[in-house]
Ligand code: COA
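For reference, the chain that follows is the form predicted alone, supplied as structure tokens.
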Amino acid sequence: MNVSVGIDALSFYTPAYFLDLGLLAEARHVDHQKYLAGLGQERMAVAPPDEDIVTMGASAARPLLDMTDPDCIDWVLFATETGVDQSKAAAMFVHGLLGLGPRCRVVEIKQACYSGTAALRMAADWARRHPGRRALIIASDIARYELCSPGEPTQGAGAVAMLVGANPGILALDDEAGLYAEDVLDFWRPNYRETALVDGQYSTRVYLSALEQTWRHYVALTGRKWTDFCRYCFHLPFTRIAEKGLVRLARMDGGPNPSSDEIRRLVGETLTYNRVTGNTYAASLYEGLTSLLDTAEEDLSGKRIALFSYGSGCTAEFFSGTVMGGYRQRLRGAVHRAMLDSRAALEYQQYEDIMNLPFPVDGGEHVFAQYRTGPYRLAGISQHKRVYETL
């Protein structure tokens, strides 16, 4: 018997602070439209010193424990490219903060922004063999570049948590997926750097080339056309790339360029959250999916949506799924919108002060000032150990 598997619940979290890109444009002496129209970005989320991928991931995941029996969670898969330890998985810190049981596989996965999809596909394959059990997927990242660098306006921070299992309540994944891998250097962060290096124009070209390759593979497997999907979710290093991707697929399918209205219909609702948080790396695609499901006025029940996941370096996947009936009862849209609306705006100097604040590397005793966070915070460092606390 073919068991449907996929996403049973979704939760999104982003830090309580943001910088309006108008202030950044003013400080960098560039036209605000370069960010607003050129990139499609309005704001960037800024993580305070006592917020990291662990606290964001745990904050995203915590509400999901009220939607399932925690004892049914056999996997915790943490996807990130902002690891906090060269050995211990960020997932282990989250497992402890959430108080999950000991009969659990707990690991961290890395492949740039693709790692969230790798975790989802691994969990889905496992769930098909274990109906009634659940995997907890957490994608959490802080996109950070050097001040005054080309990547600076695409910074961001956030996390998405997903429960994955059989007979899902939100999205049933199709089995077929178009794949592509190529060893490139479009974006990378050596161990000795805290900020990433990126060749932006080259990375965009590789992104679109990988989209073409995965689409060809997907079509060969399924025979579907680009008009067979009611919505498209793209990985979003910046939101304008979704428009570029959609146009590329339409051309490959032999049709005319989609109109502005058609572009808004197919991708507009997926961009709402990312536009005001910035790039969230491994969480980006699933933040877009959350945004779509939370904000779509149309009932998407029974309709197929397309998803494109890209990880610099590069690994890419084009896949799809069908939205389940009654999915709106599983959403947390009102909570997500309230969280975004309640964030505090930073002045430019406050943003720069946070960016310039060095993280302790001597392993000594350090206590971090308390900022606005979710239910968890990074309280300090003691004897080379990260100390977390529950608020």
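In this text, residue numbers run from 1 along the sequence as written. This is a predicted model, so every value here is computed, not measured.
Keep in mind the form predicted in complex with coenzyme A is missing from the figure; the text below concerns it.
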Please tell me whether any heavy atom belonging to S342 falls inside 4.5 Å of a heavy atom of coenzyme A, as the geometry stands in the predicted complex.
no
Touches coenzyme A in the predicted complex: L39 (any heavy atom, 4.5 Å)
yes
Coenzyme A contact at P237 in the predicted complex, heavy atom, 4.5 Å:
yes
Using heavy atoms and a 4.5 Å limit, would one call V276 a contact residue for coenzyme A in the predicted complex?
no
Mind telling me which stretch in 306 to 314, 69 to 77, 127 to 135, 252 to 260 gets its heavy atoms within 4.5 Å of coenzyme A in the predicted complex?
306 to 314
Identify which of Q349, N356, Q33, Q329 has a heavy atom within 4.5 Å of coenzyme A in the predicted complex; exactly one of them does.
Q33
Using a 4.5 Å cut on heavy atoms, which of K225, R264, R105, K244 is close to coenzyme A in the predicted complex?
K244
Taking coenzyme A in the predicted complex, which residues of 163 to 201 have any heavy atom within 4.5 Å of it?
F187, V198, G200, Q201
